[in-house]
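First comes one chain, alone, set out as structure tokens in the form predicted on its own.
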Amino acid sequence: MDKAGFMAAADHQCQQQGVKLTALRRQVLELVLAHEGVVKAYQVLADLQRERGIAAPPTVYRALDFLVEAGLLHKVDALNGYIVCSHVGCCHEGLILVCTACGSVNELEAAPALDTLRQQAAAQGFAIAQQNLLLTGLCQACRV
């Protein structure tokens, strides 16, 4: 999906949820979209400061948190960053594949893998929380 299509889907998603994609939130989302792969909050902050002049870290973190809650971004805790959700409008858990060589990111639906893990964990009396799974390795291009 191109940027315009993603932004239209983001607007629709927010309207469906009854939340507002403010000008600042939209700008933060556009800045994340401009990066390939995982983007860190400080990168978004630096970009926002270049465009707006003054921007405080809490402003960026609040906007990023909103975008995660709205299902537009995924927070990748293991990499201390964010990625754009490739399944806008679909409440799901993602299987996030990150290439350690080039940094490319691919997102897949994690439900089948997590269902198996949840069954195995339940057999041990353990309940797995809702989450995204992160796997690192080499993408097809870097394996050649």
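Since the model is a prediction, treat every value here as computed from it, not as a measurement. Numbers follow the displayed sequence, beginning with 1.
The form predicted in complex with a further copy of the same chain is left out here; the points below concern that form.
- Taken together, the three residues 95, 109 and 116 all lie with some non-hydrogen atom within 4.5 angstroms of a further copy of the same chain in the predicted bound form.
- Using a 4.5 angstroms threshold between heavy atoms, residue 19 stays clear of a further copy of the same chain in the predicted bound form.
- In the predicted bound form, a further copy of the same chain sits beyond 4.5 Å of every heavy atom of residue 9.
- Residue contact check for residue 65: none of its heavy atoms lie within 4.5 Å of a further copy of the same chain in the predicted bound form.
- In the predicted bound form, no heavy atom of residue 5 sits within 4.5 Å of a further copy of the same chain.
- Proximity to a further copy of the same chain in the predicted bound form, taken as heavy atoms within 4.5 Å, picks out 101 to 109 from the listed stretches 56 to 64, 101 to 109, 23 to 31, 38 to 46.
- Looking at 123 to 140, the residues that come within 4.5 Å of a further copy of the same chain in the predicted bound form, counting any heavy atom, are 124, 125, 126, 127, 128, 129, 131, 133, 134, 135, 136, 137, 138, 139, 140.
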